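A single chain, nothing else alongside it, follows as structure tokens in the form predicted on its own.
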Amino acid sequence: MKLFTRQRGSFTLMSGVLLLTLILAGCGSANTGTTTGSGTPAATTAASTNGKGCTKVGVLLPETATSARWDGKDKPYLTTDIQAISGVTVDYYNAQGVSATQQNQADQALTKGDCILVVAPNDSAAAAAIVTKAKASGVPVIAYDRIIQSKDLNYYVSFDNQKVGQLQGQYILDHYKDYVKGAGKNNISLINGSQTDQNAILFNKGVEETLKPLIDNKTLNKVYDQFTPNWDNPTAQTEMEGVLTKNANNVQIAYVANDGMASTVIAALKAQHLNGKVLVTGQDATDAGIHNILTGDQSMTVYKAILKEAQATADIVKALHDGTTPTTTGTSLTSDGGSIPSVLEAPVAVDKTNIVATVVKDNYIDKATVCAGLAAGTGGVC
């Protein structure tokens, strides 16, 4: 092999061996990706595997301000269960309630080579962009607890969230007579979760459908029904204060979507000496929520066994890692026409009658916390 170059009217012969060396060197320098120890670009290692052989899992949770569950329950359970898979490590991120932050964190995870993403979206619609980018890199996404509105989503693990609302509504249906004292003393307010969280919409749908007959026949008089941006606890308190002011404290039932907001709603009721006199719902079976049930300030909560949710998620991660098809129990629909393979666990209504049989039995609560300031033997828990 020979190459001739023209210099001042003459030709200079270059060794074909030298040229071949230069060509090979050029091919090697054309790939500018960050390389692993084997010389393979890190991004390429994560890409196109669809999770098979993946040893770096990104876990992205939405916030810590409105519910103690995310850092207190979900993070440790997910980390422990996923890292129980041989050779697998977890990169953990929390968006602190900002969708743009979660998007940036997902970008960081992909750049670091995380090859499976577990995402509890701060905003179910905005997080579709995370799925799009992950798909382009061959990285599967498991929506955790809250669905992501993308037909390209790979899997979804949560609870039957419409059932959560039905359980809350059924509790009101079964106990409203203890609080409603006849015509004009039958007011109910509904303080829902964030409308950017598809779960909150499903909770609301469940409770509205369950209570519709009582509202339609005027047994209950709905005086307030609003979604609360970002599940913000102080906002929920302001909402309840407004409801009490507008109705001259004439409120008998406060449907509240979760325990975090229920705590601040109870604060508003306490200011008017109405705590314990108004039926208050909740969700998540938090330490604070169970404590409020034991004191009589909150009527019920919904227990979602996060341990089962986290394990189901880890089972999907393991199947992807092993190159097998994950086991699911059904499908969930996305707003853009997707039908997503899903695992939906069953929620359980909890009040003072079954605390011991549920959250105590499962070691889900911290007894020292829920029993703080309560007499020994309270509720059979303390």
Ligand code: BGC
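Bear in mind that the values here come from a model prediction, so they are computed numbers and not experimental data. Position 1 is the first residue in the sequence shown; the rest follow in order.
Just so it is clear, the following notes concern the form predicted in complex with beta-D-glucopyranose (BGC), a form of the same protein that is not shown.
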Q) Pick from Glu239, Asp114, Asp123, Asp145: which residue has any heavy atom within 4.5 angstroms of beta-D-glucopyranose (BGC) in the predicted complex? A) Asp145
Q) Of the listed stretches (350-358, 336-344, 318-326, 59-67), which one has a non-hydrogen atom within 4.5 Å of beta-D-glucopyranose (BGC) in the predicted complex? A) 59-67
Q | Candidate spot Asp160, Gln166 and Tyr303, all three touching beta-D-glucopyranose (BGC) in the predicted complex (heavy atom, 4.5 Å) | A | no
Q: Give a yes or no for Asn258: in the predicted complex, does one of its heavy atoms lie within 4.5 Å of a heavy atom belonging to beta-D-glucopyranose (BGC)?
A: yes
Q. Is Phe203 close to beta-D-glucopyranose (BGC) in the predicted complex, meaning a heavy atom pair under 4.5 Å apart or at it?
A. yes
Q. Does at least one non-hydrogen atom of Asn199 fall within 4.5 angstroms of beta-D-glucopyranose (BGC) in the predicted complex?
A. yes
Q: Examine Trp231 and determine whether its closest non-hydrogen atom to beta-D-glucopyranose (BGC) in the predicted complex is within 4.5 angstroms.
A: yes
Q) Taking heavy atoms and a 4.5 Å limit, what residues of 281-314 are near beta-D-glucopyranose (BGC) in the predicted complex? A) Gln283, Asp284, Lys304
